[in-house]
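Considered here are two forms of the same protein chain, supplied as structure tokens in two stand-alone entries, structure 1 and structure 2.
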Structure 1
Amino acid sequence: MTRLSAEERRSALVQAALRVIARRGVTAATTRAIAAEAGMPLASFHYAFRSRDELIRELVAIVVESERLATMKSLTADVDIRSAVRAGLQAYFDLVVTEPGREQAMFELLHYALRTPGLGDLPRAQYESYYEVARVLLREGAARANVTWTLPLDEVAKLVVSLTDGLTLGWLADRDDAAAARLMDSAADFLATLAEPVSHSEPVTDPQGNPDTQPDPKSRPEEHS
């Protein structure tokens, strides 16, 4: 093996681990399997990482970030909000169908982190990243379609993430493409009902939809973007 910097080795091992996990699951991602996938002897693993969990932690962070960047690009040219939402769901779903193992790996990593002491803070970060992606896409999509969301942006984003999670799990279980398409249709119909045309005299309070600034969670405000 030619000489690599410690950082190069770490990156190569993380990418190798991701391939192994996508192909055969988190359980199969042993230090030996990861090192072999990266074409390194086992000892190089522990030269680059203190432990297997240290690699898993870096892996989740890197994959979440790369998913964030990839999904951010999925804004389409649609002008009406229903079509834009439907297209966004389809773009995500195409990703799932193209690489089911990869998306499955994200769920497995979530559950692994939930069960592993010392990794317990990862799930929150993972979902916060999902929510942020959803918020950005929903905000930009609404702006392009000249609509505002009638629920706080955070809540719409949570709905989107919940729906896509459910969509993904259901499809992974039954591989029913047509049912997934119908589900995305219904979800897009629903989300579109949460948007209304902008009123030009709209107040500009709380443009972020920050949950901490909501005066009363019980009240359901009329205008957010």
Structure 2
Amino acid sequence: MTRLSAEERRSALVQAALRVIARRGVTAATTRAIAAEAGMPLASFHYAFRSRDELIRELVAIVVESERLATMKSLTADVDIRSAVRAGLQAYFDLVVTEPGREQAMFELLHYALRTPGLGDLPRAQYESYYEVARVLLREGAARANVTWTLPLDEVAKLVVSLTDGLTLGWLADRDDAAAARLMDSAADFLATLAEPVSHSEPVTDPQGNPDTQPDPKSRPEEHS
């Protein structure tokens, strides 16, 4: 048997935990069940993680990072903002379709953390990670499309996450790809209305960064000697 590095062992256990949670729920994902799913002795789990809660935190971080990478890869140069948003939503949705159990596990973990002492901060951290992924995509998409958001970026990011939550839950319930595509089209159409072209006529500022309020020299009265 090939000897795994510490990082490989941790990764294998995280993936095993995802599979167990997706099939049987969080309560069934004991350290023994996770180790067995990974094909490792129980001692390997405790060598890699101090507790199951520590594994859960890493699991959330790994899933969110994979979503960030997928959505960022969807961005291309010289794209309009509607297309950028639609491509990002599609990249996320493709992950959901490819690994539906993973997204189901993430929802289960959220509810588990809400009920579990010691994990009370995890739901907030989980959603802040989602918001940050959305902010990165929206910021980069706007830069490439040469637009700016008319609402604060945090507000637009929360809209995106709310939309993807609904998209995911709806698809997990009915597995209707066509309905999901229509929802993503409508979401991209709506989000595009929240962007406007960047203005290149920036206000003149003084050295302290304050707007220059000096009148136009042409409008000044002529001086008389």
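Quick caveat: nothing in here was measured; it's all calculated off a predicted structure. The term rigid core refers to the maximal set of C-alpha atoms that superpose within 1.5 Å between the two forms. Counting starts at 1 with the first residue of structure 1 and goes up one by one along its sequence.
Looking at both structures, it is structure 2 that matches the form predicted alone.
The Cα shift for R175 between structure 1 and structure 2, taken after rigid core superposition, is smaller than 2 angstroms. Relative to the superposed core, V60 shifts its CA atom by 2 Å or more between structure 1 and structure 2.
Core-aligned CA deviation for T71 between structure 1 and structure 2: 2 Å or greater.
Relative to the superposed core, F49 moves its CA by 5.0 Å between structure 1 and structure 2.
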